[in-house]
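First comes one chain, alone, set out as structure tokens in the form predicted on its own.
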Amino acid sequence: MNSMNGKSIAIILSLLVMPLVNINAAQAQPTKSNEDESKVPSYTLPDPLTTSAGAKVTSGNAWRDKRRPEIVKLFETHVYGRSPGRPPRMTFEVTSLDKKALGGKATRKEVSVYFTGKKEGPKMDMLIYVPNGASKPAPVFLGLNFDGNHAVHSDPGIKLATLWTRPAKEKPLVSSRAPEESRGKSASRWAVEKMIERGYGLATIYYGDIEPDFFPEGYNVGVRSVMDAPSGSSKSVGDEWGAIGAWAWGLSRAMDYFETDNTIDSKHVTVMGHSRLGKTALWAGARDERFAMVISNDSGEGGAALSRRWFGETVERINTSFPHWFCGNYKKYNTDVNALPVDQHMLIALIAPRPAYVASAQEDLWADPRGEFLSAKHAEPVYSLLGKDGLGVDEMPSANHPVGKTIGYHIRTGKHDVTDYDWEQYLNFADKHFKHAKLQ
């Protein structure tokens, strides 16, 4: 009896000192959401500089040749799914051109990208502004938008977008032209004039052109219905790409076009996104190294925020609310997130040595601002290995005090949104890294 008591005591003591991440997954990752920092359990992050075989990565060559491709594959397999490459028959068509847009300050161009080369097939329409008066091709900010290209500015020359809707659950998706009164409805999120004044262009695409959102069956009318199509299911299964993978794929197709346009500096394109499109921008920038800079604005779970932190939105909640965003395998980690072989600091690390910027909002607790900061912080070792400074700070800054070197970060006052303050920081960051961007 006494020996049994001693053994029991030893087991109890071992459990007390064991990190919470190693205890039963249901205890380690509660299913309910949490916005109390004191309730965040302990966790252990996977090391971006240790291979799956346990080997330590100690050189830039080892990172580029072995570990980086391995991490990309892990995200493809477990989070975002596999995406195809450039379609061999894809074509571009300039559908409108105005060299005196915005009072003569910019050239406005609209370009249709036909993914299969057929006008009746899936396509996306891109709105581009580049500053007039520049002596060289313009660096460009590229971002998807939520409400159609016509919504980013009140410019009457922008074509009204065709938007996808579903009148009722029992009815199929339908498309219709946006009403005239919706022109410029999202202009507060796009500092178009400010970009032009600073010597930058803007390119934007309605994300619904690539795949409609808010309903899993959007798969049936988006690019996933014709590009590397899986078994015909409307939901992502296994490692087949989800909607975020599709939207990110569309951003790379925009880059394909930029490489053909001599008014755009395709070597200095910044991909930027807000919320779910911030997740998309990070994945696009991680996969496609042609993007020179990557910006995440309030991207949260599945974006910049650490998944292992039980704070705000969780893996289970996002997979339940938006089952079409990620690959099917991601759902295996709904209640066992500690079993994920990756976390989001590794997504930011994939951007290295290129500049990356992560932004949060003080009232946007659902996106876990501290988790976004920590993700940027824990990507630093990879930047350091590649000879770049990361954030350069150890503590999360106070509101409206941007920090960072090759990795930038700020948390601003306010809610889940994109504001002029955010854009001012992104332009300053681009100025710092793209010195050639200023008008001559």
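The structure displayed is predicted, hence computed values, not measured ones. A residue's number is simply how far along the shown sequence it sits, counting from 1.
From this point on, the text means the form predicted together with alpha-D-glucopyranuronic acid, which you will not see here.
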Only one of these stretches, 315-323, 262-270, 104-112, 249-257, has heavy atoms within 4.5 Å of alpha-D-glucopyranuronic acid in the model of the complex; which one is it? 315-323
In the model of the complex, does each of 296, 412 and 421 have a heavy atom within 4.5 Å of alpha-D-glucopyranuronic acid? no
Any chance residue 416 has a heavy atom within 4.5 Å of alpha-D-glucopyranuronic acid in the model of the complex? yes
Look up in the model of the complex whether residue 276 has a non-hydrogen atom within 4.5 angstroms of alpha-D-glucopyranuronic acid, and give yes or no. yes
Indicate whether residue 215 is a 4.5 Å heavy atom neighbour of alpha-D-glucopyranuronic acid in the model of the complex. no
Indicate whether alpha-D-glucopyranuronic acid has at least one heavy atom within 4.5 Å of a heavy atom of residue 146 in the model of the complex. yes
Quick one: which residues from 354-374 get a non-hydrogen atom within 4.5 Å of alpha-D-glucopyranuronic acid in the model of the complex? 366
